[in-house]
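A lone chain, given as structure tokens: the form predicted alone.
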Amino acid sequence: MKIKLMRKREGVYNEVRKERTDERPIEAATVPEYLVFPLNMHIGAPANPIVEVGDKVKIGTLIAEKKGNISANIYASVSGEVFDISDQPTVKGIAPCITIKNNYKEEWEEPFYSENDKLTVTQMKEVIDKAGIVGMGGATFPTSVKLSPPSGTRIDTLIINGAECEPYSTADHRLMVEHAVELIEGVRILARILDVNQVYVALESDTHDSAEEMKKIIDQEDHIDIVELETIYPQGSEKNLIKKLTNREVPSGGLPADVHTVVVNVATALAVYEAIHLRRPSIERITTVSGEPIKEPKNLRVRIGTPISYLIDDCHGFCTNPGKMIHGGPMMGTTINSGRIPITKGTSVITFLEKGEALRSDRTSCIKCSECLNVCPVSLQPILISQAYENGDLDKAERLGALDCIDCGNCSYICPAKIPLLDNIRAAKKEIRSRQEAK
């Protein structure tokens, strides 16, 4: 990728490419005939399918149940019939999926819970759990688990994350501009559940219009602060936001709850509003489709399960042949090679790069410039972790804090020797976690 980077301690100023979509209103995406629901679309255990081929479903029918504590329910986003249950290409590779054939009748299930108001805090958490809501900024961690900290852990601060720092992504920006009322109501629900006195809604300074929209709504609420932060990558990382807003540091291997804080993405807060007030589960999300090769980049409201190829058609195809398709942004995203891969709850942006942008220079030897250390926002030594992994020394990689890496990709993009630092660190993390689970 040839996006220009300018180094700053603990981050980079990258060349923002949001101008083609940041003022484009959200449009409804085409709803396809076949939608594909990966059972592993969240972090943790894949959901367990509870439908069979031939079963009739409506919008909001539960098709796969969460399995274990770290998991999430999956609901049909169209009415129709279960067409297939088999392995399909997903952003995580080939994995079990449920395919539903759309009958285009737009039949809805009854509201997925019967209570309409005066829910207790416990009941609201149960609704959020049942709705299958996960972190929609990309982490896909079950939200109900975040809202249930360990016994004895006091949460006093809620951070709503609207700092959308990937170069092409504008889905959260448009959400904050166009759905500020619903978003802030979701924030109030979350604040009530956590019983916190301080809420920060954090966004970057280049989305000032969204800050203005939200300030109009919270004018009389002293405990909610809209905070405009410097536009720098990765401003939106959880640990960065906590440090910036509270001066608290999440300990190595720890969680935000360890410093009395919970961080929730703006899209997740909107999903919470929809679950509590509209009584519907998580069945759609806002996704940016952008990049130079796309003829007409857009922000689209997409049904979960929609194959990416339909979004390309909604954007009228390509003006130049793309060199790379990325699920996510160019800094943290995953390269994919099939338009059959479906949109999931964690898909905030699909990015296309031109062939020239996608070219990677040949790797050379480390020149000991220390740039990867300088730009690491969590103060790791990426080159040393990478070398430990390549030498097969997982113990050393773990001692160097590989598991604390936030996958921002700054190190790889700044590296003049083109060493695949992030790839190596991700691989090290995967092997370390596998080893821990095997014990």
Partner chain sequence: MVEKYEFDTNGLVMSPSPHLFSKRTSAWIMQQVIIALIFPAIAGTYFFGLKVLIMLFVGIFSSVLFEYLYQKISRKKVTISDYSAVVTGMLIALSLPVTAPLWSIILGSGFAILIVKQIPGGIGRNVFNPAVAARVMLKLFFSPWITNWVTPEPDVVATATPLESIGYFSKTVPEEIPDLWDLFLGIGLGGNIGETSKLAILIGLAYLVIRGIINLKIPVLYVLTVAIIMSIYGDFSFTYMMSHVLSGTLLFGATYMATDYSSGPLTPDGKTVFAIGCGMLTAVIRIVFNFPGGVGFAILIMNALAPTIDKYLAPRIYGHKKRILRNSLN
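Worth saying up front: this structure is predicted, and the values here are computed from it rather than measured. Positions refer to the first chain, counted from 1.
Keep in mind that the form predicted together with the partner chain is not shown, yet the notes after this line are about it.
(request) Go through 294-302, 221-229, 177-185, 81-89 and give me the stretch that gets within 4.5 Å of the partner chain in the model of the complex, heavy atoms only. (result) Result for this chain: 81-89.
(request) Answer with yes or no whether Ser205 is in contact with the partner chain in the model of the complex, where contact means some heavy atom within 4.5 Å. (result) No - in the model of the complex, heavy atoms of Ser205 and the partner chain never come within 4.5 Å of each other.
(message) Please tell me whether any heavy atom belonging to Arg399 falls inside 4.5 Å of a heavy atom of the partner chain, as the geometry stands in the model of the complex.
(response) Arg399 belongs to the contact set for the partner chain.
(message) Given that the partner chain is not shown alongside this chain, does Ser365 nevertheless sit within 4.5 Å of it in the model of the complex, heavy atom to heavy atom?
(response) Close contact exists here: in the model of the complex, Ser365 approaches the partner chain to within 4.5 Å, heavy atoms only.
(message) Residue-level question: is Arg360 within 4.5 Å of the partner chain in the model of the complex, judged on heavy atoms?
(response) Contact with the partner chain, yes.
(request) Could you tell me which one of Lys215, Lys125, Arg280, Arg340 places a heavy atom within 4.5 Å of the partner chain in the model of the complex? (result) Comparing distances to the partner chain in the model of the complex, the residue within 4.5 Å is Arg340.
(message) Just to be sure I understand the contacts: of Glu249, Asp258, Glu107, Asp156, which is the one whose heavy atoms reach within 4.5 angstroms of the partner chain in the model of the complex?
(response) Going through each option in turn, the one that passes is Glu249.
(message) On the criterion of a non-hydrogen atom at 4.5 angstroms or closer, are Tyr34, Ile326 and Thr335 all touching the partner chain in the model of the complex?
(response) Judged in the model of the complex, Tyr34, Ile326 and Thr335 all sit within 4.5 Å of the partner chain.
(request) Counting only non-hydrogen atoms and a 4.5 Å cut-off, give the residues of 299-327 close to the partner chain in the model of the complex. (result) Sequence-ordered list: Pro307, Ser309, Tyr310, Ile312, Asp313, Phe318, Pro322, Gly323, Lys324, Met325, Ile326.
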